Every structure is written in C-alpha cells, then in structure tokens.
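Given next are two forms of a protein chain, the same chain in both, each as structure tokens and marked structure 1 or structure 2.
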Structure 1
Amino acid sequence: MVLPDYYEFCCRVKIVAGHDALEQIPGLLSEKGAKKPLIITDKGVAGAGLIDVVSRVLQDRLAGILIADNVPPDSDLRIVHQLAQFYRDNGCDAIIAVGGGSVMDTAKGVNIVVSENASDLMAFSGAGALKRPLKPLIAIPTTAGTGSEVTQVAVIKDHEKHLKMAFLSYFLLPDVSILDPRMTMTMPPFITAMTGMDALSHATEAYYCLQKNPLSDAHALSAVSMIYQHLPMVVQNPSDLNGRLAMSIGACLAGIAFSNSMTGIVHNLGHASGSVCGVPHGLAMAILLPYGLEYNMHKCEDIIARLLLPMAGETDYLNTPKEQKAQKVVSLIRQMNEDLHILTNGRHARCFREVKDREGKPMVPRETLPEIAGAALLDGASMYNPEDTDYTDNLMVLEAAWEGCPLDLSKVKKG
C-alpha cells in the first residue's frame, strides 16, 4: 500500500446493510428530525413491487408516505423541477430515492432545488456551488452496480436545450445508503450480470487510476473480492439473498473507491460507446474491462497483479508465477464474461460485435468505431487513466474489443 505524495478521500455516507436494513429507515429519519419523506423512483422499480416492500416497512411507523414514480430512464430537468414542486406542495422534509443511477441523479437534483429554495437548478451546476448541507436524503439502490448511492455527482439533462449539466459537491452525497437484498432480488440475470460487471470495473479502475490512494485501494480490493466471488452465483440463482447482499455491499465499496480515485479508459470508451451507439453502460464495461487492463499493463503491471489474490483466492494465487499474475487477472475477467454469457443464454455480450438491440440488430456496427474513438476525446475519464490516450489509441482498443481478441501489447504506444 503506497502513500501518494498527496491525496484526498471522503465518503460521508452512512452505510446501513443487511437483510433487514429497510426496517432501520424510520429510526434514521427521526434521527434527522424528518417525518414526511418523499419517495422518488421510476415506473420500473415500482412495477417490480419494490416500492410496496418499502411502503410496507414504513407504513406503520410514519404518518404519511408520498410516492413519485415518474423518473424517466434519463434524468430530466423538467421532472426535477416538477418533483421539487410536489415536495414543497406537500410539505415534505426528506427524500428517499429508490432506484438506479437516473433516480439517484434526479433525487440529488430535487434536493438541491428544495434545500436551496432555487428557482433554477442550473445555477448550482459545476463544482463548489453548494456550500451547506441539504435536506436528508436516503438512497436505496435497486441495482448492484452504479455506486451512485455513494457518489457526489449528479448529471441532469435539459432535453429542451440539449444540455447535460453535471453537479459536483460533497453535499450531494446521500446521508444514508440502505443496502437490502430484497431490493435487488428481482433483477433479471442479464441485468444482474452487466450491472455487476459495472461494479467490478469501478473497483478495478479505481485500483489502477492515477488518483488511487490507500483508502480507495482498501475499498477497491475488498470490492473486487466480493463481486468476483458472488456475481456468477447470483446470476445463476437470483433469489440467493446472501449473494445479493454481498453484491450490494461489493458494488457500494466499489462506488466509494471510484468516487475517490476516479475511472480511466474503460469508462472513457464506455461513455463514448453509450453516447454514440446506445450500448448499455454495464455491458460496455464488461466488454472493455480486460482491454483497459491490457492497455495500461506496461505502466501498472504490479498493481494489476495485486488483484489476483482477492479474485482467485489463495491457491490460484500461489500457483501462478509472479510474472504471470497480472496476465492471469485479465484472463480471469475474460473467463467471467464467458461464464456470464453462458449463464444468460448468450445475452451477456463478450465483444461489441455481439451487442444486439431488442430487435436483434447489432448495436455497434464496425463503421461507428471511429466516431466512438473521437467521442471519447470529449470525456473527462481519460484524465485519470495511467497511460495517455489519443484518437488512434482509442480506435485500436475499440477494434480489438469489437472483434473480441486480446490487445496486441506490442502495438500500445509507450512514449
């Protein structure tokens, strides 16, 4: 464990995890002096019956529960303002966000508006615009992946003006994150697989990116071990409650790690393939993760090698010669994708070539790779990647990931 010349680390979120974690909510609310929370969620989460589970827990202990389930799949400025109005009209005093990334972003946006009594959310965009604590926010993630229950960012889109605004502040961190396996149990295997790989990519990238530090390292290593062990188990057996809880904890640890150490080329190219071709984030992460490790191998081989023990366990670790440990990490992740491919009856794509939309049409035609490589230059994740990335580097990695064949390490530019 190396102490960098300088580092910062912060995760103020109270983590409450366990099989009956939801039951703690009324107590947590009253600690904050809140009596009337607004539940923010989306139709998918509500349709899966998860809000019923939450309401049942809260019912007898809270006077009234208000539910807003109209968060769109993509966060939206108009909805943020609308929900804030709803919050004010009903005299709410706390927010409970139940869902994935978009719900969390929306809830954070609403919290800014209601706490700062703002007429326009956009006035608070960027870093450092918030200077004091907001209203109590409790986050209940329903996927084990994004980690947004412990991140200090929110991305809100203004669809009318075609703007995407980022908000960055430690005050955006939820007060509490509830990790309860009942909230992820209904997630289908295919979604479980890719969101789990998103979490694994958070832990892995956090471990090799430039902003790594002893505390992000400790979170990342523990996350890698929990996710790697439990992901195939819960994909195979979705109602495995212990496995589900372990995945939620692993994903949360990974979220803490990467929100303090940032992400690199895997997220960089993943964001770009999402914006150009609409590849689901988790799937892009699963596909790109082995390539990100290969691309950075010459700069951080010994760092990557240290992921072997938490992944493979003692026996495999001891049986792998020192100089092959880093390479073994890459091949274990490739194998994990193969296993998930089989467990999901082929829905979990192993390379961009295999990514299909609902009609079965390929989502990433080979001709779009140059556009993705260019789009990646517009994304901030490149800053934290150990090795520099330019257009040709991006294209080289994307082509290998499209084909599904390992990166030719001799072609990686080494400066």
Structure 2
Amino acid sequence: MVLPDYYEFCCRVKIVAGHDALEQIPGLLSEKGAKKPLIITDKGVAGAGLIDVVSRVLQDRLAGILIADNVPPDSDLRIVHQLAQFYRDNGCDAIIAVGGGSVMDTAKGVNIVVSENASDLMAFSGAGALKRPLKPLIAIPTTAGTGSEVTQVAVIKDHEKHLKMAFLSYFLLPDVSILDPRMTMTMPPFITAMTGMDALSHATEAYYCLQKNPLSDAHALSAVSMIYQHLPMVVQNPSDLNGRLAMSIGACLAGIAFSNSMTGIVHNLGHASGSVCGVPHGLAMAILLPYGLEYNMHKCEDIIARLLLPMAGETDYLNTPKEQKAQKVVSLIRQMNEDLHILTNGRHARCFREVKDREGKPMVPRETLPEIAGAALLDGASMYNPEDTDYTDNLMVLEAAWEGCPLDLSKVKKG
C-alpha cells in the first residue's frame, strides 16, 4: 500500500447505536444544556408514526415538543429560511433531525442560519465559510443510505434557480447520531433498495477517490461488506431488525468514509440528474455506480479490485484471476441492481430509461442528457474523481447509463 504524504480524518460525532438507542435522547440533550429542541422532519416520517416514537421518549422530560414536518423530498432553500424563523420565534435551543437525507440537509441548513443569526443561508455556501460551532444537533436517520448523520456536508436546492448548492464544514457534523432499527422499519422494499445503494455508492467512491486515506479505507471496506451482505436480505425481509441495524451501521460507516475522502463522477452526475430531472438520489447512485467504476478503471484498477474481497469473500477473491477482479466488482454491482429490480417488482430501475414518476411517465427523456452533462460541470464532486471529466465525458457516461449498456472503455480518455 502506498500511503499518502498527508491527510486529514475527522469524525467527532457521538454515535449511539442499538435496539434501544432512542431512549438515550433525554440524557444527550441534558449533556448539551438543551431544554427546547425543534424536531425537524417530513410528512412521510410523521405519517409513518416515527415521530410518535421519538415524542414518547421525550414527553416525560420536556414541557413541550415542537415539531416541524414540512421538509420536502428535495431540500429547499425557502423551507430552510422558514424553519429558521420558526426556531427563533419559539425560542428553541437545539435541533433533532428525524428523517432521510433531505431532512438532515435541511436541519444542517437551519442550524447554520440560526447559529449565525443570518438571513440568507447562501452566504455560507462552499467550504470554510463557517468559523465557529453551531447549536446542538441530534441526527436520527430513518433510512440506511445517506450517511448524513455523520457527514460535514449539506446540499440545499434553490428551486427557483434549479441549482443544488453544497455546504462543507466540520461544524456541520451533528453532535450525536442515533442509530435505532425501529426508525428504518417502515421503509418499503423500493426505498430500502434505493437508499441502500446510495450507501454502497458512498463506500465505493470513498475507497477509490483522490482524497482516500487509510482511515477512510477502513470505514469504506467495512461498509461495503455490511451493505453488500445485508441489503438484499432486508429488501426481501423488511421486518429483520438485526438486518436493519446492520444496514444503519453500514450506511453510517460509509458516511464517515466519504465525508473524509469525498466522492467523484457517480455523485457528480447523480446530483445533476436530480437537479435537472428530479431523479431520486439513491436511484441515480444505483444506476451510475457501475459506470463510475468503469470510467475510472484504467486509473485505479488495483484499488477497485480490492473491493471484491468484502463483497465476494476470501475464497472467491483468491480464486479470481488478478486481471478479472476489478471487472467482477462491476459485474456484482450490476447483478445486485438486477436482483433489487426483481425484489421490488421492477420499481428499482437499472438504467435511466427505466426511471418513471408516480404516473409511470419517463423521468429522464433522452433529450435531457446534454442538459444533465452541462449541469454536472457546476458540481464540485468531479474534483476528487481519479480521472478528469468534461462535458463530452459526462455525456458519454450518461448515454450508456440511459441505455443500460456497459461503458465503451475504448472511448474513455487515458489522462
């Protein structure tokens, strides 16, 4: 192994995990001196009864519980500002985020605005804009996918400008992350599959992107092993509590990994497809992950090949010829997408032309691919990809991912 000359690694989030982890919330709030938290969530989480579970834990210790459940499926700058004002008007002193990636990102955005006593979140976009700690934030994920409960990143969409803006700072790390399998039990198979593939993409890209280091590698490999083993089983058997907990831990490990090593072309194109066409993020990750591996194969084939060990096990790894290991990793991921497609009765798309909205209409018309390729040029994730990308490269990958055919490796530049 060639060690980097210099790297940084940080995860100062306190992780509380287990079948009764939620019961620790009152004590955790007390440690932070917080008495009036605002619970930020969405209507889907609230409607599934998950906020009731959290409220029952809190009601004996707090006089009043404030809940805001208007977070949209895709984070919204306007909602961030509304919730920040609600927080101030009610004299809150902490935030409890209960939900998936959009809820976590929204809560982080709200925390920036209230902690900085600001009026415009966008004044803090990019990296390094935050200079001091924020208000206490407890993150309770209800999906096993985004890893947002342990990341220093938030992505907020300005729907008026059709742009997703990234915020990056160690101060965005939640104070506490609570992993309790009760909070992911209500996810239907399709959402479980989609969010699980999101987590797998985090771990995989974290393992081969340019800012990788030995500590992020350890988290990434553990995450790949847990997710690859448990995801199909949990999709098939949603009531498996131990499998749910394993997926939550795997997603958390992946979040720690990519928060330190960053991501590349998979997320680059995934963010753009979400901005332009509204493709659910996890579904975009599942579709694009094999193509990201293929696109970077010539630059880091040996690194990609090592992913076969946590996926297939020692015997298969040792019995696979060296020159076939990396390509087998790609094949296994494509096979997992195929299996999830079957287990979810076709709702888990294998390529962009299969992605449909709730009315069954295509979400990614082929004529939108040039717009997606252009939008990806504005996303910073490409900075950490092993191979450089430009508009032509983006379009080439998108066209293959739309058709669902392997990437023509002869067309990949060898920079």
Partner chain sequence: MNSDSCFTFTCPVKTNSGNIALENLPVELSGLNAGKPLVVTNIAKVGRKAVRTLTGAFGDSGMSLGVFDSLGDKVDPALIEQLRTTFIEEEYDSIIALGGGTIVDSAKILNLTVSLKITDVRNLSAQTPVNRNLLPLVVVPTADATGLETAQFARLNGAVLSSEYLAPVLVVIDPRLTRGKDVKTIYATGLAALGRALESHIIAKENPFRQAYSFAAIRFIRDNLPAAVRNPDDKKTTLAVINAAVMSGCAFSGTEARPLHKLGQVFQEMLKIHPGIIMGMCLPHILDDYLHHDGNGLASLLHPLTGDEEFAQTPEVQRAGAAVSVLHRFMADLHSAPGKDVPQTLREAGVPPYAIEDIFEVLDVDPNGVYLRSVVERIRDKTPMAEKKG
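Along the sequence of structure 1, residues get numbers from 1 upward. Rigid core: the largest C-alpha set superposing within 1.5 Å between the two forms. In this text, all values refer to a predicted model and were calculated from it rather than measured experimentally.
It is structure 2 that shows the chain in the form predicted alone.
If you fit the rigid core between structure 1 and structure 2, you'll see the Cα of Asp198 move by less than 2 angstroms.
In the core-superposed comparison between structure 1 and structure 2, Ala34 has its Cα shifted by at least 2 Å. Core-superposed comparison between structure 1 and structure 2: the CA of Ala127 exceeds or equals a 2 Å shift.
Its Cα shifted by 4.8 Å between structure 1 and structure 2, Gln82 is reported here after superposition on the rigid core.
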